[in-house]
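Just one chain follows, in the form predicted alone, and it is written as structure tokens.
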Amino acid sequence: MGIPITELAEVIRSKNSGPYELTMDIIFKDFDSYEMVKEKNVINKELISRLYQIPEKDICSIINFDPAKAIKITIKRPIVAGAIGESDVYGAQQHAPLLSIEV
């Protein structure tokens, strides 16, 4: 077993990124942890595809943002924000799958 991402990250959150996309942020406690995860390429399209059960083509971007020691992941929303059947218009409850990541 690896190190749980929850031990390395200070913040793991999701948010609305417009009506058609969701963004998840992983903000690390320190630069050493961030650099380790970045160098190992732990957060990649294959992992996000598996965690969110979406095709890789629905992953818009995975960005390493060095100044904030953060990784930003943007995916297409499975249902347009505010549409019938959509249950999280703010996208604030979509980060849970990231909590299971181990490094």
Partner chain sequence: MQEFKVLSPTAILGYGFPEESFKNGLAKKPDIIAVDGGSTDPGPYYLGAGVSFTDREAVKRDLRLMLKAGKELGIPVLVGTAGGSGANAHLAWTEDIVKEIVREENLELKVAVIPAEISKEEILKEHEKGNIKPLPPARELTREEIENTSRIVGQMGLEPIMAALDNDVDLVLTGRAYDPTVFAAPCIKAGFPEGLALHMGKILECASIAATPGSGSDCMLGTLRHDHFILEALNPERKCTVTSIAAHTLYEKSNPYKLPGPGGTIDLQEAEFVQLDDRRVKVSGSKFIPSKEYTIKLEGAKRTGYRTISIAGTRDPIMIRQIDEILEAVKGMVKNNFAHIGSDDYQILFAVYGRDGVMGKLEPEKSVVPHELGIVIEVVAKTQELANTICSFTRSSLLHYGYPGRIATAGNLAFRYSPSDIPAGEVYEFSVYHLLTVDDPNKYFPVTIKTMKGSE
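In this text the structure is predicted, and so the values were computed from the model without any measurement. Positions refer to the first chain, counted from 1.
Although not depicted, the form predicted together with its partner chain is the subject of the following passage.
Engineer: So, residue 75 and its partner chain: in the predicted bound form, are they within 4.5 Å at any heavy atom pair?
Structural biologist: Close contact exists here: in the predicted bound form, residue 75 approaches its partner chain to within 4.5 Å, heavy atoms only.
Engineer: Counting only non-hydrogen atoms and a 4.5 angstroms cut-off, does residue 27 reach its partner chain in the predicted bound form?
Structural biologist: Residue 27 belongs to the contact set for its partner chain.
Engineer: Would residue 66 count as a contact of its partner chain in the predicted bound form, using a 4.5 angstroms cut-off between non-hydrogen atoms?
Structural biologist: Although its partner chain is absent here, residue 66 would touch it in the predicted bound form, with heavy atoms inside 4.5 Å.
Engineer: Should residue 36 be counted as a contact of its partner chain in the predicted bound form, where contact means heavy atoms within 4.5 Å?
Structural biologist: Contact check for residue 36: no, nothing within 4.5 Å of its partner chain in the predicted bound form.
Engineer: Which residues within 1-23 place at least one heavy atom within 4.5 Å of its partner chain in the predicted bound form?
Structural biologist: In sequence order, 10, 13, 15, 16, 17, 18, 19, 20, 21, 22, 23 come within 4.5 Å of the partner.
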